[in-house]
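One chain follows as structure tokens, the form predicted alone.
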């Protein structure tokens, strides 16, 4: 589908939503908008698809109160802004939307905080079934990069560009665009995808030529990965049939980074089918690695311990593997970073650790 068609489709769905409000007015009804309740208690783990999804409970934004009327007014103004933006084929950031509202002629339509405008964009995503990327709304730069044997074509406002993610980029790699669906995969020589939590470890792998030696597409997660990063990872898996592995630090917060790639997050439960890659495998620092390799460590904090205990109750981690690793970590009361592997030499991670782990998992 062309960019023009994508814009027209997104516009039509937004206009349909605004038309519903008008029809409710015309029919003598109090305008309202119903969306899934976005609370932790209304998030369910779908065991069939292995992702987080919203439950059946709904919340209603209704104009039967001053507060509700203001929310719907803000929604109408935002829909108007978004449809004009699509008409002009332009884009803006979530931060810019917050400031742009200050120029709207109705004071009641202006946002008091960016959290309020961010939440409204999420509401519109859910009810219109159009992603914010298709609204041409961008977050601030995530800085996530890709390095590996992949040739792609990216649609840009300066025309289509073909880029090889090794030959046509520097050591920094190819920067993932806000909307990875503007990318077309043309060719690749990759055997698997390796998602890496930290920039320092990504740089180590690139400097050591890991992407070339093992035909790997290295995706820098940059901590908790942005939606664009997770979407690209899912597309690499589904469209190129590439196994996905996730290489993180050895602590409960990094396990959640893996979980967001594999199973989705509570915040974006309405997009789990779009963003999550349930087949992704964890290849990060394991508690048993801390013991076996005698890695440098830090003690677990109370919040670390509480997070691990919480993960034992999380359906995403209720497997023999995760229960064994988490219970071991609670027992040794230690955590360790990816870079701790350097205690065995700068090449240890690429010459020994990753090849052995990948071989044991049947990836190489």
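Predicted model only: the values in this text are computed from it and were never measured. Residue numbers count along the first chain shown, from 1.
This protein has a second form, the form predicted in complex with a further copy of the same chain, left out of what is shown; the following refers to that one.
Heavy atoms within 4.5 Å of a further copy of the same chain in the predicted bound form are found in one stretch of 224-232, 165-173, 256-264, 274-282, which is 165-173. Here the marked residues 139, 177 and 343 all reach a further copy of the same chain in the predicted bound form, each with a heavy atom within 4.5 angstroms.
Under a 4.5 angstroms non-hydrogen atom cutoff, a further copy of the same chain in the predicted bound form has residue 147 among its neighbouring residues. The shortest heavy atom separation between residue 208 and a further copy of the same chain in the predicted bound form is within 4.5 Å. For the chain shown alone, residue 185 is not a contact residue for a further copy of the same chain in the predicted bound form, no non-hydrogen atom being within 4.5 angstroms. In the predicted bound form, a further copy of the same chain lies within 4.5 Å of some heavy atom of residue 95.
The partner is absent here; in the predicted bound form, the one residue of 121, 100, 240, 291 having a heavy atom within 4.5 Å of a further copy of the same chain is 100. Checked against a further copy of the same chain in the predicted bound form, the residues 181, 80, 191, 212 give one hit for a heavy atom within 4.5 Å, which is 212. Contacts to a further copy of the same chain in the predicted bound form (heavy atom within 4.5 Å) from stretch 191-206: 199, 200, 203, 204, 206.
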